[in-house]
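A single chain, nothing else alongside it, follows as structure tokens in the form predicted alone.
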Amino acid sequence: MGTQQQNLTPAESTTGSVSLQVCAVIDETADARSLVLDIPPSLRERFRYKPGQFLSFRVPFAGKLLTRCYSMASSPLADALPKVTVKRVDGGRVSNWMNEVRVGDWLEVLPPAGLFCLDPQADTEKPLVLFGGGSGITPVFSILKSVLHSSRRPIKLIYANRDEASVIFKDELCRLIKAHPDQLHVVHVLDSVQGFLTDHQVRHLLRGSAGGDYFICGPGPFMDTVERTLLALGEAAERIHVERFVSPPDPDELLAEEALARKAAMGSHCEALIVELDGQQHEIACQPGDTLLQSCKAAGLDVPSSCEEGFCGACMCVVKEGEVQLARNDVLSAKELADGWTLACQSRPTGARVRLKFPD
């Protein structure tokens, strides 16, 4: 269960997380629960989030501090407080722990992160097509509610589940369909009825939605099927957004990997580390063995970061000049790597001059 605390003042831990109190627990299905977090006034700006982003939680388990990311199913436009939804996984240490949390418990939480977000400049005349598989519904549901709240953009949600009893947010979805009958179209795909989603089914479901923006989150095979079919139909890769989460190694394994990567980089000396951040350019020092993120923080730069373990993608940046060595990557695709993206928390410079650019 969550850690009970008497002190109601949120305090930042040595891991960079903040203590937040659970103010509501919602049983969504037999194996999924939503946790609503209270955000005190002093932290509201820090925990301001975009639709589609996630929170990272530090959870004590068997003497270790495990980190897991859970997308927010709430909308910053339509909901007063952030809500994450956690589905139990067989043998899942953290998912089972989180499903025992009660109202009043305190959780260690890192600020919002993630790039699975709709471009605010997106053409609202084009269709928005959302694919959610199982608990992968959470970030697309946040996007869905936000778009319904802010525009008349047509939305199609294709929602795959094991069976009807597994449908998370079923009642809330019904209310939204009734409130927005001309804007929102929802298609349920149940494994127990139609079987697993196939390329042929995706093609059929996409009729009338060409040229839209596509957001996909769910089990790996589900996301691969949808992405593969979209590309085969000629949809632009830059309009296809896929959210993939992996569970990181335990802390002792991460420390061992960190030590090896640091040792391997000790022979490299970076004379000029140039960082482009929020439209400004900074030239900072870089100590041998330090990651790009460690160098930025040492220089006082407030660069985006969250888990600092290479699996959340919050610290993604582009290497514009020079070379870096990426120690661990559970986030970036082959195309993103080819385009120069790296993870600041896992990369170390290997040349005398390196230039980085963080997303605006």
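Sequential numbering from 1, following the sequence displayed. Everything quoted here is computed from the prediction, not taken from an experiment. For clarity, a rigid core is taken as the largest C-alpha set superposing within 1.5 Å between two forms.
One more form of this protein exists, namely the form predicted in complex with a small molecule; it is left out here, but the text below deals with it.
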Assert contact_stretch over 67-75, 150-158, 206-214, 184-192 against the small molecule in the predicted complex, heavy atom within 4.5 Å, equals 67-75
The small molecule in the predicted complex reached by all of T291, K297 and G351, non-hydrogen atom within 4.5 Å: no
Which residue among E125, D163, D90, E238 has a heavy atom within 4.5 angstroms of the small molecule in the predicted complex? D90
Of the options R244, H269, R228, K170, which one has a non-hydrogen atom that comes within 4.5 Å of the small molecule in the predicted complex? R244
Looking in the predicted complex, any heavy atom of L144 within 4.5 Å of the small molecule? no
Against the small molecule in the predicted complex, would L197 count as a contact residue? Criterion: heavy atoms within 4.5 Å. no
Just checking whether V86 would be counted as a contact of the small molecule in the predicted complex - the rule being heavy atoms within 4.5 angstroms. yes
Might S95 be said to contact the small molecule in the predicted complex, defining contact as any heavy atom within 4.5 Å? yes
Rigid core fitted, is the C-alpha displacement of C312 between this form and the one not shown 2 Å or more? yes
